[in-house]
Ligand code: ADE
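A single chain, nothing else alongside it, follows as structure tokens in the form predicted alone.
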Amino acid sequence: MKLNTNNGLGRAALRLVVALVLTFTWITRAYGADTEYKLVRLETAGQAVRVRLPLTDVSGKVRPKERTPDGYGEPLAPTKTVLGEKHFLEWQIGYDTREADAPNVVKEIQFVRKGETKFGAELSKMLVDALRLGVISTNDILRERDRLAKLSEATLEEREGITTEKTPLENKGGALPDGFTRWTQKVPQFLRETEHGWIQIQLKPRQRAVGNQAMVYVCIPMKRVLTADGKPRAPGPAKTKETVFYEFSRANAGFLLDIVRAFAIASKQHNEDMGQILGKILEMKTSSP
């Protein structure tokens, strides 16, 4: 269709089309930038594996929190909070993806789960890079693979559960009106704390199936995060779309292996996946020149 720009109506239509194209272009670029910001990115920095984490994506895989006695942490508004000693980043870490071209993917690591091909990603790439840099050794990978069978005997997803019990109302003003009673859900949580951070395993109801699933979170204290130039981040509110960094080096290699063990005891499925991933990493190591 050709617009007739010789009259006022045609010129107005042309201006509208141009405006729509410019608006669409701006929205597409803004969405792309926002999507990129939310991604966890992996790179190497000297003899360390560096992880880039978004600091203000409160609904994504990485969320800033204030530490609380129950271990779960309290979500906060990072741009309105002076982030410091009592705060941390909760990172819901993964180890695989369905997409061969996804960020942080290792295409050489492939395995099949329930008829679907998976590719190693995120934790898998961290392990591959850490092994290549000498942060961890082949013996470390062999040791973790060999202990998987023993850990699978007592995986948490199969052994633990969420319980509900009736609880008294002492100091709560007495009985509830209209015949209501008070019940409390008890959700088990498992923590491994180190000087470099801590790891949580939480049981949560499955979103698309019956039962519970074990979720693994890596918790990084704000005092351990770095700026882009490798310096500790000074306490203060987060800037819009600010990113921070955390490095795995020989100094905290044990913390990286703790994440592998967390998945190994979280569920039988995670345990089996770890076995395939560690096996593929060893194959890659022996086949490399």
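Sequential numbering from 1, following the sequence displayed. Model, not experiment: these values are computed from the prediction.
One more form of this protein should be noted, the form predicted in complex with adenine (ADE), which is absent from this view; the next part is about it.
J.: Among 179-187, 77-85, 134-142, 207-215, which stretch has residues with heavy atoms no more than 4.5 Å from adenine (ADE) in the model of the complex?
T.: Heavy atoms within 4.5 Å of adenine (ADE) in the model of the complex occur in 207-215.
J.: Within 4.5 Å of adenine (ADE) in the model of the complex, heavy atoms considered, which of Q92, Q110, S152, N104?
T.: Contact check passes for Q92.
J.: Looking at the partner-bound form in the model of the complex, is F263 within 4.5 Å of adenine (ADE) by any heavy atom?
T.: Looking in the model of the complex, residue contacts with adenine (ADE) include F263, since a heavy atom lies within 4.5 Å.
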